[in-house]
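What follows is a single chain, given as structure tokens, in the form predicted on its own.
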């Protein structure tokens, strides 16, 4: 075991009171879903809006999962996967760049000040505002639409991870760093064994937010241009007309996949940083 490594104390077993509280939390979550479905059924039953009932929508949703959409000859899973592939590629690329850059900017004071102005100018620009410029930049690429979508998702996921990494590095207690320096730790040891582990909770928060924004960006980018994907599917279902259940099914798929991604990141975070 290295000088600066440590094993966090094991969390105490859950008490009956804690388990009871968790049971209440699950019940409240279930009730919230039931409330939304009941409200949906009530609105659909009044026939004030062109809204299918939850039962009719569920029937279409299951049909899309099992048989697929006859207009596109694809299942809902295949449609979602075509979008998810873009998101995974773009988000992983943004994380690989944003995390090391954020660690560097957070630990080197002059670099943080040097880049702060440019960062604050670029950060407020919505990812979708980059689409026209991206089409110009990738006009001569072999698959311009795919590159544009990757670029837009990259922009959307990049800044949350970068900023949260910088913030996480700044939260590391200077006393720990000074103590390590006093004990003869090198700059590399301090960075890898103190600063980076200390920033991991903030980094994972940025990754979770980045994935969420990236997932939203691909849907919006497919509205503007694309041959297939969940965003394109929803928009084309609207263009055809009379396919409200298919539109809602696509929206439900977006929500389900987004929730799964968020939970996977949280699961990975708990495994990698159990001391949080």
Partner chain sequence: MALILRGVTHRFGETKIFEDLDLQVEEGCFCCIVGPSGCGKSTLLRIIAGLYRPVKGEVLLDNKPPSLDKGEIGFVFQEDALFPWFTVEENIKFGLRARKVDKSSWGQIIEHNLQKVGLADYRDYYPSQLSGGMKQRVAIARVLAYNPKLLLMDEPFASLDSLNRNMLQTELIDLWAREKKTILFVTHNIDEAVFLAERLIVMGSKPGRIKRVLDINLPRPRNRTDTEFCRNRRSILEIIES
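Note that the structure is predicted; figures quoted are calculated from it, not measured. Residue numbers count along the first chain shown, from 1.
The following text describes the form predicted together with the partner chain, which does not appear among the structures shown.
- Exactly one listed residue, out of 194, 99, 128, 74, brings a non-hydrogen atom to within 4.5 Å of the partner chain in the predicted complex: 194.
- A single residue from the set 184, 109, 124, 142 has any heavy atom within 4.5 angstroms of the partner chain in the predicted complex; that residue is 184.
- The candidate spot formed by 189, 198 and 274 is fully in contact with the partner chain in the predicted complex: every one of the three has a heavy atom within 4.5 Å.
- In short, of 171-179, 147-155, 76-84, 99-107 it is 171-179 that has heavy atoms within 4.5 Å of the partner chain in the predicted complex.
- Taking the partner chain as positioned in the predicted complex, none of the residues of 210-226 brings a heavy atom within 4.5 Å of it.
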